[in-house]
Every structure is written in C-alpha cells, then in structure tokens.
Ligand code: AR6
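A single chain, nothing else alongside it, follows as structure tokens in the form predicted alone.
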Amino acid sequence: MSRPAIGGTACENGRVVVATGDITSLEVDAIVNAANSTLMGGGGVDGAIHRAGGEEVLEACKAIRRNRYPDGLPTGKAIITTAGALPARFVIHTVGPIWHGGTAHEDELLARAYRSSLELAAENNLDEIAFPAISTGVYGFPKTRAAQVVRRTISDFVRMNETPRTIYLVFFSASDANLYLQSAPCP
C-alpha cells in the first residue's frame, strides 16, 4: 500500500503526521469518518466520505443500524465498514460530542471517539489511519481545546500500542493544521 501523497509535520517519533489535504483521497488502511449518530451521511467530512465511498458505505452503515445500533451510534463509539469506492481499505465511523460549553463531558467523549477508533485499527491490524478534526466543525468544539485533548489521547495510545504505526491528522486547511501544532506542539 502506498503512503498518502501529503506532507506534514511528524510527531511521536514519526508515528503521528499532521497534514493538510483531502482525507477522501488517501490510500491508507482506514480513514475516520466524523459521523453523526444516524450513520447515514450528512455534511462536512461525513457527507464527503459517503459521496466518495458510494452505496457500499451507506449499505454497510444501514446494516449496522439494523443489526447493532438501531437507535444510532453512541457518541464516543466507533465501528468499521468497507470503504467502498474510496482508496482507503476501510472507514472507521465515530461520533464526536456536540459542544455544550464544556459541561457535558465533552473532553472525555472526544478522547473516547479517538481512542475507540485507534483501538479498532489496532484490533484489525491496520498500519495507517487518517483522522479528520472530529467535532470542531458544526459540532462547535473549540479547536484549541480539541487539539489538546487529541494530542494527549493519541500520545497515550502510541506509548502503549505498536499499531497503527502511522496516524495522520488531516486538516482541511493549513490554518487549522497550524492551529493544531501551536495548541498541541510535538514533543
């Protein structure tokens, strides 16, 4: 499998790469979908992944709703599906928290969304995983605070786990990637 054609800043001994690009174009083992609980697609990254992945991704999500999560995927949980027409092998869908001012365990739920996605990647022996910025769009999670939660969560995970070997944090804009690096600098 070829590495993504994006450059970036490497952290955690090269295991974490902060980059800018289109997550739907990456040829990695798995991309993470910042899904809503319905798993039926939506706006932003979720809609882009469903459009690029096609009917196979939607059908896999419908089956999960029928058989496993009839009321929707709970916040912080993650599930894995085919990637359909995407260049990635799999899509890991996770639901991040909606920001309620920091009083509804948002930090813990965001950390759980990243951790459960990483755990699924490890359980499936996936070497590369690419994350978008979960919950920082329409869900309103403050980007600086999210960066700190994500940095801590991923650092803790890579210290204890050898897989995935490379974790991409893929931002849509260079300004968001730079904000992440300023808010949660590499060690």
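Treat the numbers as computed from the prediction; the structure is a model and nothing was measured. Numbering starts at 1 and follows the sequence shown.
One more form of this protein, predicted in complex with the named molecule, exists but is not displayed; see below.
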Q: Name the single residue among 120, 150, 57, 34 that comes within 4.5 Å of the named molecule in the predicted bound form, judging by heavy atoms.
A: 34
Q: Name the residue from 154, 61, 30, 133 that puts a heavy atom within 4.5 Å of the named molecule in the predicted bound form.
A: 133
(Q) Counting any heavy atom within 4.5 Å as contact, can you tell me which stretch out of 122-130, 135-143, 63-71, 158-166 lines the named molecule in the predicted bound form? (A) 135-143
**Q.** is_contact(residue 176, the named molecule) in the predicted bound form, heavy atom dist at most 4.5 Å
**A.** yes
(Q) At 4.5 Å between heavy atoms, is residue 52 in contact with the named molecule in the predicted bound form? (A) no
Q | Residues in 27-63 with any heavy atom within 4.5 Å of the named molecule in the predicted bound form | A | 34, 35, 36, 41, 42, 43, 44, 45, 46, 48
